[in-house]
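Here's a solo chain for you in structure tokens, the form predicted on its own.
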């Protein structure tokens, strides 16, 4: 029986570490000022989010989301001992594409030097749920024999699109830049617990406007109609969030999807080595662990170091702890995600 195997894993974060203390003094060019720019503090941020620091690309106009993805992809290819020319499908999850169109997957394809191979390129826009959605797609493609070497990428460049003022602090403090990648392919196995065991993806569009960025609005003419210099009208340039509704719905959906994953596979936490939740807010993850009765020693988080890297968080977290020697080959992981839309889901797979 053909099953989907994770062949390689890689991640990338920029070199610049931005601590909570520094963040309060940054202007919109990420330059530290002498005076406070945002009314926030390390204590305020850690109490609400658990975040201590995040990573930012240089703000010099030379970095795009596809560049972060390229670094992660190369590391995943090296880990899998696969040449880029063998890739026959790219699935790219992001909410911060290089441009409105074309999709960022084709830009990454060119940067990998495989633009002449004609491999399929998909861009998906499930934000923080992109990993599970992409994994479900990849698993279906592999099992049906459609593709044999799939590059799954989650990458985000958030630091260029945040409101570095007190008005935007509830969102601004959460996000960082980074990328995570997986190489997936077929393996012949009769073991039902080999490779990708389970995926489940869901959505509830009634929550779409509880977390959104309305900068591009095709209903308007012109569709970019905001004066960035006018603070009375430029709010739409930045992400908007109803924090309480997002928190409550995230906990509920992640608990339900985690419990459903175990019930539908007949597994228990004795069968799972690690729980890797989406890294949106450490307080959300702690509540999910409490309500779903997940063994705390099996939980992996990285939001403390990287903030919320949206589509990248799950592969980035797995790779971080693998490099630290905690996650090992053959470990079984249950991952649960939640994102704007609202979208959510869960997956069980073996590294």
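Numbering follows the first chain given and starts at 1. Quick caveat, the model's predicted, so the values are computed rather than measured.
Just so it is clear, the following notes concern the form predicted together with a small molecule, a form of the same protein that is not shown.
* Asked: Does the small molecule come within 4.5 Å of a heavy atom in each of 169, 241 and 281 in the model of the complex?
  -> Checking in the model of the complex: 169, 241 and 281 are all within 4.5 Å of the small molecule.
* **Segment assignment from 288 to 296, 58 to 66, 35 to 43, 319 to 327: heavy atom within 4.5 Å of the small molecule in the model of the complex** => Result of the contact check: 35 to 43.
* Asked: Closest heavy atom of residue 128 to the small molecule in the model of the complex, within 4.5 Å or not?
  -> It does: once the small molecule is placed as it appears in the model of the complex, residue 128 has a heavy atom within 4.5 Å of it.
* Does any heavy atom of residue 114 come within 4.5 Å of a heavy atom of the small molecule in the model of the complex? -> Close contact is absent here: in the model of the complex, residue 114 is far from the small molecule, nothing within 4.5 Å, heavy atoms only.
* Asked: At the 4.5 Å heavy atom threshold, is residue 12 in contact with the small molecule in the model of the complex?
  -> Judged by the heavy-atom cut-off of 4.5 Å, residue 12 is well away from the small molecule in the model of the complex.
* Any non-hydrogen atom of residue 247 within 4.5 angstroms of the small molecule in the model of the complex -> Yes.
* Asked: Ok, 137, 173, 87, 107: which has a heavy atom sitting within 4.5 Å of the small molecule in the model of the complex?
  -> Checking each option against the small molecule in the model of the complex, the one that comes within 4.5 Å is 173.
* Asked: Considering the small molecule in the model of the complex, which of 124, 77, 121, 211 comes within 4.5 Å of it through any heavy atom?
  -> Of the candidates 124, 77, 121, 211, 211 is the one lying within 4.5 Å of the small molecule in the model of the complex.
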